[in-house]
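So this first bit is one chain, no partners, the form predicted alone, shown in structure tokens.
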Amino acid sequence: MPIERRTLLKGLAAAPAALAAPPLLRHAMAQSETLDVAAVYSLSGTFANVGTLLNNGSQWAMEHYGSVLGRKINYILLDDRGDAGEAVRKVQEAMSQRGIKHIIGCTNSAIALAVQKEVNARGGIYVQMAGADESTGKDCNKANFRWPVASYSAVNATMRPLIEKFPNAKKWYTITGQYVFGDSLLTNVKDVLKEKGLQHVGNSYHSLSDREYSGYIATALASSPDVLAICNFGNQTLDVIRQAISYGMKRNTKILAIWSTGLDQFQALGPENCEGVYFGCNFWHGVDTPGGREVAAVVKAKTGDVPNYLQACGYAVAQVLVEGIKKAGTTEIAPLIKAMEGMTYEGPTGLEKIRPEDHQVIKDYYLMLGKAKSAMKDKNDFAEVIAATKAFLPPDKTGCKMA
């Protein structure tokens, strides 16, 4: 059947008009078919190894879900290269030029604190994994949700059981990363020591770029501590542990890494270094829960192995967002936020709940003890769970004033 000249001309005229449409308009045309979700991770810089694993978990979760409310999920990675300013610039571009409102992820607390402010100002929603207390404390906002515990919770869920187990361990020394997260851990350590009447015999700060800690460890040894508490993150935690052990600290001192990333760090350390060391962790594959089994199935399909914390954490922030959208029945931001406040769901650690007052996910944090190689039941059985604790400040004590 021949095409009428008028129809052909109208079609030809419409094509360049559609191509010339502003980005936001073109995005709106496709919205009924896809849902853009941006993920902010550091794939280069000091914590690139952390950002890569977190990104894997989030991407695999979105692939697992595939779609939500009939819309295909389009996962968009924003590599901030380990810089908070770069993260904010990329989020600004994604939100203003591409109309993206749904954002997940971070690799460190400084980035999350900057991004959560920007997302809130631009009317979006942000689900992330910062550890600094400020995220759901004094810097909280309606747009921001956090899956892992705050540094307050990590410190209290590890120190208190350890103090109870070793009441004669009176003298504590800290080695601390001189950045937002490290300072947050240190503040909480000091508070617990003061409350318990224990001695903080010294602290050594290190920078974000440090890899050599022998001077700090020698200073710690000189104070003869009963406990060395490590208040940092990522590869720097590994380096401090290795060097402390090489100086013989395990012989007379309990070593506590307050915030570890669990399995991937245990694998990097090896059982000889893990044995007898205490670790705090947000997730452990050996804790059997329905949500944990789901994460395990997704990760096994990708890697053939069990999930580590970083993969599970990346998965978790994606899960919180998607489950929230399903509960809300819409991707519109205001009703989505309302639906997520108080939401319960089967998360990686068990039944998890989002606290309405500050948007903190309420979940267990684990104190773990590294096993001897001879006690390992399989290649991933590096540690046993000593305590699983929900240690959270009451909402009226966090400093969160939700606008």
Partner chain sequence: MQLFLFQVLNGLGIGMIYFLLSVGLTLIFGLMRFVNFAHGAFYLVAAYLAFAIVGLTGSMVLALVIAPLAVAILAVATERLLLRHTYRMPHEAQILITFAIALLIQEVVIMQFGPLGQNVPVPQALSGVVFLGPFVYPAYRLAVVAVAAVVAVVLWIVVEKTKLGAVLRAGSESAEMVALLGINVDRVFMATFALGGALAGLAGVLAAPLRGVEPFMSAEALGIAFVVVVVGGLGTLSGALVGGLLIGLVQSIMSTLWPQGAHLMIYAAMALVILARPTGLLGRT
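Quantities reported herein were computed from a predicted structural model and do not represent experimental measurements. Residue numbers count along the first chain shown, from 1.
Separately, the form predicted together with its partner chain exists; it is not shown, and the next lines address it.
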| item | value |
| --- | --- |
| Candidate from Gly197, Gly304, Gly215, Pro167 lying within 4.5 Å of its partner chain in the predicted complex - any heavy atom | Gly215 |
| The single option of Gly276, Gly270, Gly85, Gly329 touching its partner chain in the predicted complex, heavy atom within 4.5 Å | Gly270 |
| Its partner chain in the predicted complex: contacting segment from 62-70, 44-52, 357-365, 344-352, heavy atom within 4.5 Å | 44-52 |
| Non-hydrogen atom within 4.5 angstroms of its partner chain in the predicted complex for each of Tyr205, Ala222 and Leu310 | yes |
| Asp210 within 4.5 Å of its partner chain in the predicted complex, heavy atoms | yes |
| Exercise: Asn156 in contact with its partner chain in the predicted complex, heavy atom 4.5 Å | no |
| Contact of Thr187 with its partner chain in the predicted complex (heavy atom, 4.5 Å) | no |
| In the predicted complex, Gln92 touching its partner chain (heavy atom, 4.5 Å) | no |
| Residues from 164-190 in contact with its partner chain (non-hydrogen atom within 4.5 Å) in the predicted complex | Gln178 |
